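Next comes just one chain, in structure tokens: the form predicted on its own.
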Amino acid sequence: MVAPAALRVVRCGGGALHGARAVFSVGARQAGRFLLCASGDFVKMYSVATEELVRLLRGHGDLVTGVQLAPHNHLQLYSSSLDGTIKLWDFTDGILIKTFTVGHQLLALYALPASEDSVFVIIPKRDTYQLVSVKLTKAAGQDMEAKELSVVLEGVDASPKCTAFGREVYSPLGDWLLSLLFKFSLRATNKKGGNNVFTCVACHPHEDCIATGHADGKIRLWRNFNHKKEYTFSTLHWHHDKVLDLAFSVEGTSLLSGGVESVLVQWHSGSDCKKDFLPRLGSAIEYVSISSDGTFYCTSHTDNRITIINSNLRFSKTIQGLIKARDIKTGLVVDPRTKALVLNGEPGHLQFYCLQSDKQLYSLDIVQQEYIHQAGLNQSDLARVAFSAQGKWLATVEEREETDLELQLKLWFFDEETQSFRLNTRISMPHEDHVTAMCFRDMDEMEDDSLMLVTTGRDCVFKVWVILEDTDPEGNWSCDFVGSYHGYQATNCCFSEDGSLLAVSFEETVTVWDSSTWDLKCTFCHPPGKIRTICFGRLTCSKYLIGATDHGFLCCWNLLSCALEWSAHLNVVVLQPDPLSEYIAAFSWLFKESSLFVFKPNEPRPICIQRKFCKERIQFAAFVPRDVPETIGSEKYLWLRRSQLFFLTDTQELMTVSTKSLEERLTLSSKQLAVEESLPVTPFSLLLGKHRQQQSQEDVDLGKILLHTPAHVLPSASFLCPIFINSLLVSKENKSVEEAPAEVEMESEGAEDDSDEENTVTEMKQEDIMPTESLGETTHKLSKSEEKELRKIRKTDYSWISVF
């Protein structure tokens, strides 16, 4: 008997692309060059020419902290991780060559050409950090122990930007690399109030020159430091805040610097007067990288973006991952059209994040105001977002709190022509206080009568918004009903599956309303504690209403009997129903660990319990429908068959749960790369593959297409009749009528057998070759005119029918 697969927590995407310095592969052409960067537990390889994700290197068990090309084989890559291992990859084929277990957390990685069999790493030691050299053995085998460590320097900084290696100096007595260490000292603050704290360091590739960045925005170039007490430095100053990273060009003729201003500065010949700028890069620059031939620059940004820049400071490409917003107020919402996750992005923007490609699809500007990067300013930001069932309507709430609260409710309509959302209605101050929840009811979006929006607020009311018919063909939204309950604050709202009931929680009480007459039907209460979240059951469990209180109770009420069905003592922080099944996922938080419980409302015993599966608090969760149902071997995990569960932690790590092992968890792109000899997957290739699949099914689905297409858009029956007859003919794999020589007569294999069974077999084998006996009847042989007509039908192009 095969043991059921265990449920694994996987970092599915959204990893920080700016966690370590990115590196360029060595290539003669732009089309054959790649950018390799750390992203969570993975190493990602992007195409410089197309910015597409080409390969995902999996294998580390914790955060990847460094990537470096192997100095003596540019087709191989070293990567370090907090899991205490160094891995050697053949990144072009995605093959893991070796794993070196060091046994310490690795915070940074450096690979030098002079050290062929060793690398340098930064490891923790009590309250400080060490720069050590790790000996990499060349013995046979894939998993190796690398316990031979040599301490190079004590008391270094944990940041990889604060350690740099300069040009190589060899001793005339041998091939030993000389370690030249110098100490420069500056006062923490100078007489003018400048902050001299070091933030980053870079070494000149050919000269004895060191560049240091400081917290006051100054850059210092240190020279003559190989003479005792005679070192000199010059100062470059443009940044108004701390310098975040420095990098010399390949020839050393220029210096690149980046900071919080989102501007890449290029200093020429170490002069304060000669500098060029590339502004408006979006967010603060964390790392600056340069290709080995100097033709490309790369900047990694705090908003999880990588920008590829030409050497003449012209923008080339951008790779945008999941933006880590300062505060996620909208939660995780699924766009019904694209199945993308929608949440806060840049200030005042909604980001649409594709889970399959781990990239941002696009960003929608909601606030439509210029954001000022200055601390202490209260600026408008997104607080709530909701989609209608088919994604036709989008509702957003933005708020700004100065002396008085400013609120705006905006309704956006999806324009099919422009394939984007267009602002339809703007409502100022929809509530007198903060909006706490928002949801749509849309049983049939073709009828505007069924479409309505409900908002709840701290002003102790909930409001119902509907579309008014006026001169605008799309209609404008207006308030239709205002409800309240004993002056309590309204905190949550949700509609039943059929839209006939609306549940609104008012502090400790849940109220149920008739959505057609707005009559209060019943109330539920389970003291002590206020209602934290509510949801209706679905499908066979639609008669149940589930709620969680902030005092640690999970309750299930029966809407038919208006009584409590069951309750459980559980501190639920997130309650998420699956839109395609009866299952509901509940995340609890206890003793600084998160647990997962999956249940059906009609069964008080959970179907799946995963205790202490995450040491971070879960903020939000969402079920995303799968394109193809998953094959699940265990009944315990059948709730993962039609939808996939994603959740966001308080550190904004996007995770999911999976029953597949590491080898089985291949993305669609990885599978296609393996089939097509590791060629990068482009949107055109995916579109072509989909077209070929549709074309192969055209004959099978033709009858269905004809029957399901509206009659008023179909051509005449005389034109469709040959198409339908042609779809019923045998496939081209069998021998056609015209290919059989007319002068050759073949004798049936079952001519001498009177058995009906053998006659049937003979008919199957000799189809379209000669007349055969079946049930005592002889099929008529086609005449030459009939064969000519048949050839004409087959040559006719009926591809236009596929559009229907």
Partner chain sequence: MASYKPVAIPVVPKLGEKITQDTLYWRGYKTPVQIKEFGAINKIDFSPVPPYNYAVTASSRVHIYGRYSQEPIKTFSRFKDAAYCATYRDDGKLLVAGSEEGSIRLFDISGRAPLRQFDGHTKAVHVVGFLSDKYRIFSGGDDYSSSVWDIPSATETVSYSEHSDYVRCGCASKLNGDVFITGSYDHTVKVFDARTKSSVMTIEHGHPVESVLLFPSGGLLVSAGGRYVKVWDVLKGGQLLVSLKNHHKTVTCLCLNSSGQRLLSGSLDRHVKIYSTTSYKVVHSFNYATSILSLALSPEDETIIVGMTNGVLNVKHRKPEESKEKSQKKRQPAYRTYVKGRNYMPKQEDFYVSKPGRCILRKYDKLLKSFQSSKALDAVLEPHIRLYTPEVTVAVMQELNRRGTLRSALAGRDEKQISLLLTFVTRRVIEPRFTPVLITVADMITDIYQPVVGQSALVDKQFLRLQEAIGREIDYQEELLEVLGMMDALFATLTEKRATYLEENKSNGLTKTLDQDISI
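The structure presented is a predicted model; accordingly, all values stated were derived computationally and were not measured. Here, rigid core means the biggest group of C-alpha atoms that superpose within 1.5 Å across both forms. Numbering follows the first chain given and starts at 1.
Below, we turn to the form predicted together with the partner chain, even though it does not appear here.
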(Q) Only one of 148 to 156, 493 to 501, 561 to 569, 608 to 616 has heavy atoms within 4.5 Å of the partner chain in the predicted bound form; I'd like to know which. (A) 561 to 569
Q. Which residue, 310, 523, 450, 73, has a heavy atom that falls within 4.5 Å of the partner chain in the predicted bound form?
A. 523
(Q) Using a 4.5 Å heavy atom cut-off, which residue among 715, 113, 487, 527 comes into contact with the partner chain in the predicted bound form? (A) 527
Q) With the cut-off set at 4.5 Å between non-hydrogen atoms, does residue 724 touch the partner chain in the predicted bound form? A) no
Q: Tell me, yes or no, whether residue 649 is in contact with the partner chain in the predicted bound form, where a contact means a heavy atom of each within 4.5 Å.
A: no
Q. Is there a heavy atom of residue 406 no more than 4.5 Å from a heavy atom of the partner chain in the predicted bound form?
A. yes
**Q.** Close approach of residue 141 to the partner chain in the predicted bound form, 4.5 Å, heavy atom
**A.** no
Q) Taking the partner chain in the predicted bound form, which residues of 279 to 313 have any heavy atom within 4.5 Å of it? A) 279, 280, 281
Q. With the core lined up, does the C-alpha of residue 309 move 2 Å or more between the shown form and the other one?
A. yes
(Q) Using a rigid core superposition, assess whether residue 282 undergoes a CA shift of 2 Å or more between the shown form and the other one. (A) yes
**Q.** Core-aligned C-alpha movement of residue 613 between the shown form and the other one reaching 2 Å
**A.** no
